[in-house]
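The chain below stands alone and is given as structure tokens, in the form predicted alone.
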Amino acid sequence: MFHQVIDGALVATAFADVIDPSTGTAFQRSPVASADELDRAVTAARRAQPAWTALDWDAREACLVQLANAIDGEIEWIAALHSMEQGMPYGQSLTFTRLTTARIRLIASFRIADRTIFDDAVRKVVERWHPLGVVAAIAPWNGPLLLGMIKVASALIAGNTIVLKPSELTPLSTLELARLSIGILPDGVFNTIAGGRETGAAMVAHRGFDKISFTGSTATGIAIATQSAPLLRPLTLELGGNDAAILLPDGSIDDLVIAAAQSGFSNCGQFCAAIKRIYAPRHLAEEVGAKLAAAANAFVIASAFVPRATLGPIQNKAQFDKVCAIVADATAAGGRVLSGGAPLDRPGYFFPPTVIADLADGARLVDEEQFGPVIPIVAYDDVNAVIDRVNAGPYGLTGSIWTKDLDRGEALAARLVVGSAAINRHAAFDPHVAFPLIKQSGLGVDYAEYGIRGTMRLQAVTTMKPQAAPLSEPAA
């Protein structure tokens, strides 16, 4: 039986099915939070916050490290749950769970220091950082443990308390992880609630939260921003992307293919910052397509616990249906399938890695975010026109340039209107590097120290020295 954690206790009164994407059938049940349970979670977090804030950074770090150690102690079980509900092959889930605990420890080691601006005979001015209070975090189904716990660790180390809602599609591994926090974190510091869209909407509407951090679709992010606008409440929204990889004539096709297969096919392409489309010089497009198709065909597609599996199913039926529809649209628009192209004839939501050539801007697969294991190869004649076309789209998450001419690569990358640009790699999630969110790909800056600052408020404190004459400033 799985429970929410509210004020240090296990709570569950209503339940809903959780689907195994490898079979398309229910395999477990998860709690669904009531309005009263949400209120209790917020009340507990608000009551616990002053004492948690009063601890120094080192004490809060010690608690988070202890939690990471506890997760490591049950890592096989947590990873197995992650595989069952998310579909990721077990070995990859184990790697992601280990990465989660490593990220908790790293984030806990960061410090946000006050900064003295002036300190002279007249005055001292200091910028001070304070926690916002109680943070609402809503995690996605494509990377529930890693993305959810980055939110939790960033908020907690800063002195906030938190209520985390995992996706109703992948709640179990997160709920089990939160269970391990009981007795390690003070009661009320880390609370979880579970449920679907109604639960998420209730969180966003709740006036007891001082900040909302959401990772998910652009449409839902816009709805959260709209609903939060009257409160002028701080938001971090990490939303969709339609990331372009642009190969220049001198770029390494082999390096690009390796990166595209890793980000665009692994986890069925269900990463916000995966390579979603490749632009290749016209005379190289056929070679790029052939090599990427060979890489696609090398994946072993199977259920999570098949030892040789390197790719599992798409996580849910709605996303599976979207991928099927967008591939059908691509072939109807004249796209040429080089690998995959149709769902596998077996139970569950299995769709093979798919490469499609002969498409251009205007096709859904090129213009929209597919969020599945499908990559179009778009031939081009003028790289400047490609940059302009990529920038004209609504998304701005990441993008990459592939070339041996590093100066030219950096110049072109600087022209991409994206939060994160790379040369000869794509969307490397370095935990020490900021992840800016722009256009319809989001709002705010995540990761590194910026993810922590995003859960804090800045205060300027001016102290006049006793011997100094009073200063008068003109009114603003």
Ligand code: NAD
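Start at 1 and count along the sequence shown; that's the residue number. Fair warning: this is a prediction, and the values are worked out from it, not measured in the lab.
Keep in mind that the form predicted in complex with the named molecule is not shown, yet the notes after this line are about it.
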| property | result |
| --- | --- |
| Ser167, Gly241 and Leu437 all contacting the named molecule in the predicted complex, non-hydrogen atom within 4.5 Å | yes |
| In the predicted complex, segment of 127 to 135, 76 to 84, 141 to 149, 114 to 122 with a heavy atom within 4.5 Å of the named molecule | 141 to 149 |
| Contact test in the predicted complex: Phe96 vs the named molecule, heavy atoms, 4.5 Å | no |
| Exercise: Thr215 in contact with the named molecule in the predicted complex, heavy atom 4.5 Å | yes |
| Partner contact for Asp210 in the predicted complex: the named molecule, 4.5 angstroms, heavy atom | no |
| 4.5 Å heavy atom contact, Phe350 and the named molecule in the predicted complex | no |
| Single option in Ala178, Ile224, Val366, Ala261 placed near the named molecule in the predicted complex, where near means a heavy atom within 4.5 Å | Ile224 |
| Contact assignment for the named molecule in the predicted complex, among Ile401, Ile162, Val355, Cys272, heavy atom within 4.5 Å | Cys272 |
| Members of 192 to 206 lying within 4.5 angstroms of the named molecule, judged by heavy atom, in the predicted complex | Gly195, Gly196, Arg197, Gly200, Ala201, Val204 |
